[in-house]
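Next up: just one chain, as structure tokens, the form predicted alone.
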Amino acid sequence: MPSEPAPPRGPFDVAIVGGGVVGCALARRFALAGAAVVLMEKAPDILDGASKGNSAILHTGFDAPPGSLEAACIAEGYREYEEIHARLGLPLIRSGALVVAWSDEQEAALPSLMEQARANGVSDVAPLTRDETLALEPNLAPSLRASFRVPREGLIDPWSAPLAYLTQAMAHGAEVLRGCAVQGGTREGDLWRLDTTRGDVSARLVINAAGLYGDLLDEALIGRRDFTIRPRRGQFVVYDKPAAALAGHILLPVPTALTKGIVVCRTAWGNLLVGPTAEEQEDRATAPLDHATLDALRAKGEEILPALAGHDVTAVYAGLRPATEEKDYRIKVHEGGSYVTVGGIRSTGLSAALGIAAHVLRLAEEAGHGWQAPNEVAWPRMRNISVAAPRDHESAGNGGIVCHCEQVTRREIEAALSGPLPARSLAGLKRRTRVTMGRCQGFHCSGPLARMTAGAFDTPMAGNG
């Protein structure tokens, strides 16, 4: 017999579609404002779309278009991350960045880029000669011409941050529906009724944070789209941990009209990465790796840091950015203030997420929405998986190390499989713990991990019976 339909959920004050970093930040901001929030994500776990692959950099927005919404949201997002990261147990490695010129043309562009930074409120940029640059980063190729320094650029954990935002939202009553795809919806009076794969969901305000599918969701719910997503693939090469000693700063190129270019930097987990590329494609769901492109990335990295030639590659990966026809964000209020599109959040979404959330809350309040904020704010703390602070394997009672490459303990895995937002997939567990993401790529730990996760995932690991 067919199963009974799920009972309706709601009405909520706010329904957020999309569990990427922006959706998680929106859930936090509206829950802290006192709204009854539901976040819906079609994948088994959060961060499974554009947010799963990025450079893990907290940008100041020095190179954003001055006066743009993107620049404003990055600046506000950076400030709020600085204010809250310690209370949520999130890392911030203040590495600083160097924008390095390798040709006469690039060197000539440095003064205008510094003026752009100052126009964006990043006033502490400082020019450096070739010799001054090499004194800071002696492993750079000596063919560089000049650079300037952006002191406040930093490295963060791009997965623990949105997990913290959503966990804090849940501590204030937000509900999360995973495996919940929105198939359509109608507005009836002052309520939206959303048709989802987990039953009907009703809400007074709907926020489209669907990332790579944002334009399609607009079309399904409000019957039109103001932009078209053009997926932009970025491929990365990750070097083994010893390579991280080769660069202290984030090494940035002079950007082009299309892309910020190839970055070389440490990660919050002690590796060194090179990337991303910028390749437009039609496919919104997958980001295939191309061996020739990865070889070119390695060559580019070794051109910037020649000593990289002696280091091993641990992993390669690719992500998709939800680019559109325009560079700026596509954030707009529709349907009498009952629907907000948050689209076109390209490569800067990690840095801008908190600022985007604050901006959208202001738009909602201007449209007449309002709630009573809680008297006290809960501050859940994330387990640290970065090199910025002591790790769990350094403390007693951790149950032993399961993943030796990344030094992930049994206690960390068990914690990630429980709590208010447990991992529902191997990918989700990786993002919470770094398990299987080291030099052996899970060769040694997959067996015990399969046994530990039996019954926990929607799609079981092979061999967990």
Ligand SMILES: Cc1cc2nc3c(=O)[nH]c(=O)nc-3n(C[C@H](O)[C@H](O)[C@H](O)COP(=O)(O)OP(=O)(O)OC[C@H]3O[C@@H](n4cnc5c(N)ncnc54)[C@H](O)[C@@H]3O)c2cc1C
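Residue numbers run from 1 along the displayed sequence. Just so we're clear, the structure is a prediction, and the values are computed from it rather than from any experiment.
The same protein has a further form, the form predicted together with the named molecule, not shown here; the description that follows concerns it.
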Original post:
Can you pick the one in Trp269, Phe148, Tyr339, Phe236 that has a heavy atom within 4.5 Å of the named molecule in the predicted bound form?
Top reply: Phe236
**OP:** Heavy atom within 4.5 Å of the named molecule in the predicted bound form: which of Val99, Cys73, Ala209, Val264 fits that? Just give me the one.
**Re:** Ala209
Subject >> Close approach of Ile57 to the named molecule in the predicted bound form, 4.5 Å, heavy atom >> reply: yes
Original post:
Given that the partner is absent here, does Val21 sit within 4.5 Å of the named molecule in the predicted bound form, heavy atoms only?
Top reply: yes
Original post:
Counting only non-hydrogen atoms and a 4.5 angstroms cut-off, does Val387 reach the named molecule in the predicted bound form?
Top reply: no
**OP:** Would you check, heavy atoms only and a 4.5 Å threshold, whether Ile345 touches the named molecule in the predicted bound form?
**Re:** yes
Original post:
Out of the stretches listed (35 to 43, 420 to 428, 393 to 401, 61 to 69), which one is close to the named molecule in the predicted bound form, meaning heavy atoms within 4.5 Å?
Top reply: 35 to 43
Original post:
Within 349 to 384, which residues come within 4.5 Å of the named molecule in the predicted bound form, counting heavy atoms only?
Top reply: Gly349, Leu350, Ser351
